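First, one chain by itself: the form predicted on its own, in structure tokens.
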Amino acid sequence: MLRPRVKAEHRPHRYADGTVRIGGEIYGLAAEIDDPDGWVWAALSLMDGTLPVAQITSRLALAFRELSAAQAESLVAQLIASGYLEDAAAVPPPELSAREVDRYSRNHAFFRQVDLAPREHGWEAQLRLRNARVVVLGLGGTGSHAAWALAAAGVGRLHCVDPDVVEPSNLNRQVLYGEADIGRAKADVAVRRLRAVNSDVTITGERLRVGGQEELAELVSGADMLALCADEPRGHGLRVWANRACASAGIPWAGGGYSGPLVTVGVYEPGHPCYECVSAGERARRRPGTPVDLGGPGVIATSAGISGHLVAHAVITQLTGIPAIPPGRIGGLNLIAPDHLIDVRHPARDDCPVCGREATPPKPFGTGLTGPGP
């Protein structure tokens, strides 16, 4: 780091007892450092982007005679490694045009705030999105919002898939369509709208109803991630196809939806508990005979929008690693009970054919299974 400075979002504060707080008030980002001698506060004050590391270290050692040069060097190195600093001398990478730098400036600010890993220039997350290919399967309530968010965020290649046409009942929640689109293929309309949102990314689409695991495997071939937003076939059969197809391809996937006010998203990646293990663990936890009916026609624009954006956020976090949210879980919220947050996690089963200790390449899973989901 040539000229370190504290990120604007992490401006430090010093309490009366000498404790230094850095990272703001956001849960999971802030840290408090005991600083009885004032060394940390002095070092952070010197890190304003005008001085190279060597000068910061030497000035710190001169200001505190009891602090050796080696201790000063170690302190500065630890602060740089904390992730609360950036290099004032860094410039955007040449891969990004001036227009992209301007377009994604708010993305950059977000990643800069939540990313606590030292970076070369701070645009690493945006480059990962730019170089990624994502398949969005299903362009309804969840999928239309997810596709819009991923295109706006700058995913470089987005492939949109849906078999249906736009219907009047779609218009209360499906953000990509209008009255003039009724009767038109969703995939065609979505591609046109998303290209208008962001001309710097590649948007493709096709009208297709996936009928099995092998067909889904072909669809995700060459992709970096799948956003599963379709709801047919009903039940968890489609998710099992996705689970096994993505495991075979070695890519992560996220699947989300809504059941009335309940909005959830699951995130899965090879090397972590898979969908089938999380689903089995949740079924085992329920009281025998408990009816499960996730789905139905009840949805408004907000529940569909939250669902789609949760899926898009899951995709972005897995592609960039920022923030580093572990996969193998289902999360969500209940819109009529704000204190009801969903966080479902279960370990991988030893005998799971997808992620267990003795896992072998997943076998094709039949078509149209309608067993219960989580």
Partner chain sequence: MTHGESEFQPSENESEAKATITIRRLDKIETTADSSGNSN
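Positions refer to the first chain, counted from 1. Quick caveat, the model's predicted, so the values are computed rather than measured.
Just so you know, the form predicted together with its partner chain exists too; it's not on screen, but the next bit is about it.
> Only one of 319 to 327, 50 to 58, 345 to 353, 30 to 38 has heavy atoms within 4.5 Å of its partner chain in the model of the complex; I'd like to know which.
Flagged stretch: 30 to 38.
> So which of A280, V175, L75, A217 gets a non-hydrogen atom within 4.5 Å of its partner chain in the model of the complex?
Contact check passes for L75.
> Just one of L79, A223, A152, L127 has a heavy atom within 4.5 angstroms of its partner chain in the model of the complex, so which one?
Looking at L79, A223, A152, L127 one by one, just L79 meets the 4.5 Å heavy-atom criterion.
> Looking in the model of the complex, any heavy atom of S45 within 4.5 Å of its partner chain?
Although its partner chain is absent here, S45 would stay clear of it in the model of the complex, with no heavy atoms inside 4.5 Å.
> In the model of the complex, does L116 have a heavy atom within 4.5 Å of its partner chain?
Yes.
> Any of the heavy atoms of R14 lying within 4.5 Å of its partner chain in the model of the complex?
The answer is no: R14 has no heavy atom within 4.5 Å of its partner chain.
> May I ask you to state whether S199 is within 4.5 Å of its partner chain in the model of the complex, using heavy atom distances?
No - in the model of the complex, heavy atoms of S199 and its partner chain never come within 4.5 Å of each other.
> Which residues within 3 to 27 place at least one heavy atom within 4.5 Å of its partner chain in the model of the complex?
Stretch hits, in order: R21, E25, I26, Y27.
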